[in-house]
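First comes one chain, alone, set out as structure tokens in the form predicted alone.
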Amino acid sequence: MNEASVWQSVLGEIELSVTRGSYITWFKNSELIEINNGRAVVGVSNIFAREQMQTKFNQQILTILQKVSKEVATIEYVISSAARKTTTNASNETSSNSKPRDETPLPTNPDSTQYSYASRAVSPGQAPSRTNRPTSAGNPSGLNARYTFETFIVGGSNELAFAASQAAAKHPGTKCNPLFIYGGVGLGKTHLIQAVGNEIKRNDPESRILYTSCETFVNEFLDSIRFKKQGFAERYRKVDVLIIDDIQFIAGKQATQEGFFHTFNALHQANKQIIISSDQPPKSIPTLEERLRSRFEWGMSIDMQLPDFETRCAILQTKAAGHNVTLDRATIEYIASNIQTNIRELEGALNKLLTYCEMSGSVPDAQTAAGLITDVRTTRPRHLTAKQIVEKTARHFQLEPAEMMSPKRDKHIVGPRQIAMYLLRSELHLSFPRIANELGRKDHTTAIHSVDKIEKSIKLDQMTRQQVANIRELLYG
């Protein structure tokens, strides 16, 4: 077997044993360069991927490699130009045809200290600003070609939404219809729902796809009534895929809800794909008609959570690679550790760092990053305490902190108490005895059971995921 065949066999086993997010982030673009004198050389796309391979996955890779090639005794991980090219190829291709004429080209040398900030490319997993979204003029579908599955960073926080979106793109109108994706601002909802449209368009260029914001839908509906404009119903009901962004803005607009209700019914009856995004689940959108709410929950309703640490690191590395800049692990981890709320803020901090280093002629490092994002960190607690977690969890559930720490075992108290224990563990990394003590428990096994229960519940229960996400926003927002 040649190197490519050997590595494909290895990747096949690894894909079955790790999460999809880990596989796409660390393994997908890797390659086996050579096997020589018992040493296998594996190429990866960046320093951060190399560190992950060496510290986290090395033994697993070695064990699988030895099954295929018994002569392998050690593995060396190197940054490969081919792997790096594969990682950035998709974003480079999709953006090359849409650059403004006055845009300064990026440096071709990845080790150059001249960090160009001229290319304002959108990072994977992130939505563009409202003002920069494409309009229908000259672009009937309204889709942004840069938003693809390949440029979306997958992690534990968005893995389910990503998988459902791929299923909808592969079987439009039959699986996950309607697809309703909700979550806080800056988590990548717009990127993901447009990626579905772009994938369907790639598979079937003749398909009629329309992406629009809820605001545009509302304005066009009102204009059709006020000025008796023709063509509104045909525009929205003669498509194969309708993608509506920020549907929460339809709340309180009774006539518009009526219009959308009939549009929804016409498309769904014809087995056309409907994709909707919102900043909250259907049942939480105020003044939404019950018949619309039930239809939004008809197919697949999925929440996108705050990106976890690993996903934030991957997004930073990918975005930096788009600027032909390789950041060291310490810098990436510092930014990812200090900015946890959303991807827009994460990208803003990175852009600020790269701009400063370009202007000053310096190399971006953790020390420079620390000085530049101080203003970001001062907007949220510098030192999150156990007391703050308990108090804000209690506030979220409309309880008193004293009730959380009491011996009461009422159902409406036990659940919030378990979530508080989980947050003490996940956010502060406290020991189980310390967690038990903070909540007035004597036995630390109670904390172990609570943390384990919430971890499992987050994977399976939508409501628990939303509650934990909301409390984290209280803590960091």
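None of these values were measured; they are calculated from a predicted model. Residue positions are given as counts along the sequence shown, with the first one as 1.
Note that the form predicted together with a small molecule isn't included here; everything after this is about it.
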Considering the small molecule in the model of the complex, find the one stretch among 164 to 172, 252 to 260, 326 to 334, 312 to 320 with heavy atoms no farther than 4.5 Å from it. 312 to 320
Select from the listed residues 77, 152, 221, 296 the one whose heavy atoms reach within 4.5 Å of the small molecule in the model of the complex. 152
The single option of 347, 159, 303, 199 touching the small molecule in the model of the complex, heavy atom within 4.5 Å: 347
Taking heavy atoms and a 4.5 Å cut-off, does residue 217 contact the small molecule in the model of the complex? no
How about residue 178 - does it come within 4.5 Å of the small molecule in the model of the complex, if we only consider non-hydrogen atoms? no
In the model of the complex, residue 386 touching the small molecule (heavy atom, 4.5 Å): no
Residue contact check: residue 185 to the small molecule in the model of the complex, 4.5 Å heavy atom: yes
